[in-house]
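Just the one chain here, laid out as structure tokens, in the form predicted on its own.
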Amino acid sequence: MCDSDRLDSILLAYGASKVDNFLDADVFILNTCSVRMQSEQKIFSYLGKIEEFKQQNSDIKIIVMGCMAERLGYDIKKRFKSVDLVVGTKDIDNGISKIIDLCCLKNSFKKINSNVKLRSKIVSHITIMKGCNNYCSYCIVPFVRGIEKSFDYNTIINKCSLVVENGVKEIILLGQNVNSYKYRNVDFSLLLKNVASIKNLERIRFLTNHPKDLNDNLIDVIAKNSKMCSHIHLPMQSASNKILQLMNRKYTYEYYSYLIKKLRFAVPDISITTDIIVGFPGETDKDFEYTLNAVKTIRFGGLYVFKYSPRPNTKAFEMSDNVSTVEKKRRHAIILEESNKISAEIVSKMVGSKHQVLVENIGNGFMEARTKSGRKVFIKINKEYCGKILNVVIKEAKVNSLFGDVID
């Protein structure tokens, strides 16, 4: 997401423009993911369609970047002859220059100053670190993103200050394990405090977190700083200690449950969302029941559930993928159904309640806003309110969205 935003800003500043119609494009840039096999299969399918289109329009440029580009490299070009450039995650900086050259933008547009005021946004994503040292047995991230590297503290603060000067009201700090950030003597908690001190910044979010790095200092910052949003994404993956050990997650379910209690004690209205994998090698019906019961007990504000997908180079790839596709789909459906049921119960209790929302953008006849807990709220107001903090009362609630009216 952040790589896409960054490239988007640079190309726009060089004079390129986005198009909504497939037929109007001169350049196709696919920013890819390798975390799940299904993601790669979708990219292959899309590349096939673009390749057919390029046969009729030979001047079109096709660029593949991101994790899949890092993992497969120029094997992509061997399979799809129409691909002009492959840019892996570890070569993104040099890759941007190559993309600009390939798009013939350097000859037509003067290079921008790095401090130029770009098109204002309300919410900005800023990456504070890259890579991962955890080597969860199912995860390909360390192999395509490398080991953890926390970015320069001053550079991050300067970037945050710059986007706020350009109209941004909310900053989302990003990292594979964002709460393990450490640059010299600055840890993640201290970084958050200093980002929060930026004048005119209204809100701060961050993701994704690893339970092993969630400490009391971080919980204290979330609880006591008014700019911190009352939401945290804390992947659980499984509630079976046997499976957690096989996943190399470095915590037990009991410890994870203890963290949830600490968070809710410190921030009573906090919304906790999570990730869950079903069908991991060796997951029995009993292991799955542990996870299902945890979902019912913890009552997450929302969750992402994934069917286990073997990824090359990972430890789990060497394990027997002994849960059938049918069973993975069944478990996936059960978790999703339970999550939707809980979400419906949570939002139904919000009807009639009052919330502060940040108006983010224009929707279909509505303005889209968001509560501090991360819930999307649709309001019928003028677009001039974009970027404003408003008080609303919730009039209607659906699982994934709320509808509200502005109040004084």
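The first residue of the sequence shown is number 1, and the count goes up from there. Remember, predicted model here, so these are calculated numbers, not experimental data.
Form predicted together with a small molecule: not shown, discussed below.
K.L.:
Tell me the stretch among 183-191, 306-314, 81-89, 215-223 that has any heavy atom within 4.5 angstroms of the small molecule in the predicted complex.
P.N.:
Partner-contacting stretch among the options: 306-314.
K.L.:
Mind checking whether each of 270, 300 and 373 has a heavy atom within 4.5 Å of the small molecule in the predicted complex?
P.N.:
No, none of the three is in contact.
K.L.:
Does residue 139 make contact with the small molecule in the predicted complex, using a 4.5 Å heavy atom cut-off?
P.N.:
Yes.
K.L.:
Whether residue 195 contacts the small molecule in the predicted complex should be assessed with a 4.5 Å heavy atom distance threshold; does it?
P.N.:
So residue 195 does not count as contacting the small molecule.
K.L.:
How about residue 36: is it within 4.5 Å of the small molecule in the predicted complex, going by heavy atoms?
P.N.:
Contact check for residue 36: yes, within 4.5 Å of the small molecule in the predicted complex.
K.L.:
Taking 4.5 angstroms as the cut-off for heavy atoms, does residue 237 touch the small molecule in the predicted complex?
P.N.:
Contact with the small molecule, yes.
K.L.:
Just give me the single entry in 243, 173, 156, 277 that has a non-hydrogen atom within 4.5 angstroms of the small molecule in the predicted complex.
P.N.:
For this set of options, the contacting one is 277.
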